[in-house]
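The chain that follows stands alone, in the form predicted alone, written as structure tokens.
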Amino acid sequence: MYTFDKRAYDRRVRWFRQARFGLFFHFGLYAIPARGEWVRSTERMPEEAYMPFFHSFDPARFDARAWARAAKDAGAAYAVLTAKHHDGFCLFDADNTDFKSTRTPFGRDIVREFLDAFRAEGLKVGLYYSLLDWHHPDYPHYGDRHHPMRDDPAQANDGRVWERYLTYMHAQVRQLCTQYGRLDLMWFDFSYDDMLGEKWRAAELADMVRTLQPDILLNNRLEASGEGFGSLYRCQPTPWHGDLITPEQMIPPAGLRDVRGEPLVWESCVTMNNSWGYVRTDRHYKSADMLVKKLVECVSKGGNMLLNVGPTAAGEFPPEATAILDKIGRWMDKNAESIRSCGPAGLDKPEFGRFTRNGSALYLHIFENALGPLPVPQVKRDDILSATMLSDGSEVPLSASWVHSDYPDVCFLDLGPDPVLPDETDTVVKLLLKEGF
């Protein structure tokens, strides 16, 4: 049985700490009604009303290679796909159910195509798997907090055998871990009420996954939801502990540390608009500029950002998502060095934006220009070996202007005469610092 080993853990999470930016894909039958992946639950939709989406599922324009190229061009280092969401529909050729993509008019194993395409682009790959299942007859219906039939006494749980569902669920996870090649991340979702930990036979499940995929990372949702930090935070790791913490739709105010003050591995999962699965009427998209700055914020606090795309029923990215990824990609093309393998700088947040750091390289993410030369707090002039614009490698002079002569202990940079920053999203200046700073 698995036991926690700090040295092995640090080795396992190394790539994740370096990656910093990933993409999440929520795709399934729910793209057809286009009202979100929770549509069955929120609308108390009975099974017979949901099944027409299964019988018509045929995303004719799905192209896993195009998805993978878009992810790589956006600067993502890894990607996670919903192999099965709460509705129980499998995007893979599951051995123990016909409720899967290979039994729809589409007839293809989407998970396999996804994994093959993303690996071919050199990206790490992960699969989301919901512990919930609103399709399976043995999953609790009446009285469950989330099941679509939770309020229907006619859907009483007499005759439902929980252990039978767990055997079914464990078998699907085993198949994903044995028939689809190397997986870098298993993204379980989620625990609630008394449905957590050993209710899922979590020690057995986590041990199986880690035995079959020795280098895989698990998130913390066998023991938590988007709320709750889990047992690594308490420094009392359970056999089913999460390797990473998963705050949802927010960025922790000061990063995350355990009860002893040591930094934790975490990933903020966020949507581009307000929805995970495709919602045709949701046009509340965040700007690419904002998302770049939020990525920088995550890195500056020691975390990753997992940015969601909800493809349409046709299998394509919404045009707004494509435009956002294109703009993020153009920024990452010139500035990824300030994201990958970077983390907190150990300095207070500057007024102009954020710091990220990788060893002796300090990256100034300038969101807002100064009036006159730019002050760099907490860094002395003598500590700087060089200052360059990250986008093109050109020198950024240290200012000698008389206007800041009253502040001899503060280092100022001369960004030139133009008050408009070279990159209005985030202009990055790289400072190479003396060893030991």
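Bear in mind that the values here come from a model prediction, so they are computed numbers and not experimental data. We number the residues from 1 along the sequence you see.
We do not show the form predicted together with alpha-D-glucopyranose (GLC), though everything after this point is about it.
Engineer: Mind telling me which stretch in 72-80, 155-163, 340-348, 85-93 gets its heavy atoms within 4.5 Å of alpha-D-glucopyranose (GLC) in the predicted complex?
Structural biologist: Every other range fails; the passing one is 85-93.
Engineer: For the spot marked by Phe24, Glu37 and Trp187, is every residue within 4.5 Å of alpha-D-glucopyranose (GLC) in the predicted complex through some heavy atom?
Structural biologist: Per the other structure, all of Phe24, Glu37 and Trp187 touch alpha-D-glucopyranose (GLC).
Engineer: Is Phe114 close to alpha-D-glucopyranose (GLC) in the predicted complex, meaning a heavy atom pair under 4.5 Å apart or at it?
Structural biologist: Output for Phe114 is no: heavy atoms all beyond 4.5 Å of alpha-D-glucopyranose (GLC).
Engineer: Answer yes if any heavy atom of Tyr180 is within 4.5 Å of a heavy atom of alpha-D-glucopyranose (GLC) in the predicted complex; otherwise answer no.
Structural biologist: Output for Tyr180 is no: heavy atoms all beyond 4.5 Å of alpha-D-glucopyranose (GLC).
Engineer: With heavy atoms only and a cut-off of 4.5 Å, decide whether Glu248 touches alpha-D-glucopyranose (GLC) in the predicted complex.
Structural biologist: Although alpha-D-glucopyranose (GLC) is absent here, Glu248 would touch it in the predicted complex, with heavy atoms inside 4.5 Å.
Engineer: Though only this chain appears here, would Trp276 touch alpha-D-glucopyranose (GLC) in the predicted complex if you measure heavy atom gaps against 4.5 Å?
Structural biologist: Heavy-atom contact with alpha-D-glucopyranose (GLC) at 4.5 Å: present for Trp276.
Engineer: In the predicted complex, which of the listed residues (Phe352, Tyr233, Tyr139, Tyr128) lies with a heavy atom within 4.5 Å of alpha-D-glucopyranose (GLC)?
Structural biologist: By the 4.5 Å heavy-atom cutoff, the listed residue in contact is Tyr128.
Engineer: Which one, Ala321, Cys269, Ile216, Leu256, lies within 4.5 Å of alpha-D-glucopyranose (GLC) in the predicted complex by heavy atoms?
Structural biologist: After the contact test, the surviving option is Cys269.
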